[in-house]
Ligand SMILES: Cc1cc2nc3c(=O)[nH]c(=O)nc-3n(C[C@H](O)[C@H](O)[C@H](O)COP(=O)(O)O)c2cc1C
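Here's a solo chain for you in structure tokens, the form predicted on its own.
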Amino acid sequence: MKVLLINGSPHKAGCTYTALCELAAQFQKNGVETEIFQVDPKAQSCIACGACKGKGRCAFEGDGVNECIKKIEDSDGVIIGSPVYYANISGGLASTLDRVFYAKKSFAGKPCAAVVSCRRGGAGSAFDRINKYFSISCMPIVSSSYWNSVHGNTPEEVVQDKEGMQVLRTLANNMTWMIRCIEEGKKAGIEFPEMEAKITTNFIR
């Protein structure tokens, strides 16, 4: 089993990374392999060119987006972490996720979760932004004992957020449980529901 942890912060070893490390440590205790993927803070934004349609790859290369798609595909679960900037996720992460989720073929049935790090406020809207990528992609969102946020202005302060750290450990335990349930279900012949052909509706007449 492997869970991909995506660091959407431009600071490779900052507060978001600290939160992801707490998750990684708990996953390790559960016998689950992890990898932390660093998002390029200068990632090109999506231009809706449509060149990725049906390919599972973005037309732009060199900023890690296609690598990210492949790593999500190869993982059993994914957790996306972001700092909170103006009550939203980081710009580099937004550009990356717009392209990842537009270009991907399917992440359906893959357990997922969002984690946000903030000094004080704005966590809720950033958390919601990440979850919208999941909920439009048929991905089961794993919950914890509280919303997945940690608070602090430095990595040292984040570690002092004892409740936040506990929420992350609980999240890791819950995702481990869900991945194992999915594995056992597959062994029993229970597969993810077959998808209908997509219907798109234009409200302009």
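The structure displayed is predicted, hence computed values, not measured ones. Don't overthink the numbering: it's just position in the shown sequence, from 1.
One more form of this protein, predicted in complex with the ligand, exists but is not displayed; see below.
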R120: heavy atom within 4.5 Å of the ligand in the predicted bound form? yes
With heavy atoms only and a cut-off of 4.5 Å, decide whether N153 touches the ligand in the predicted bound form. yes
Is there a heavy atom of V84 no more than 4.5 Å from a heavy atom of the ligand in the predicted bound form? yes
Flag L23 as yes or no: does it have a non-hydrogen atom within 4.5 angstroms of any non-hydrogen atom of the ligand in the predicted bound form? no
Stretch in contact in the predicted bound form with the ligand, which is absent here, among 112 to 120, 67 to 75, 95 to 103, 130 to 138 (heavy atoms within 4.5 Å): 112 to 120
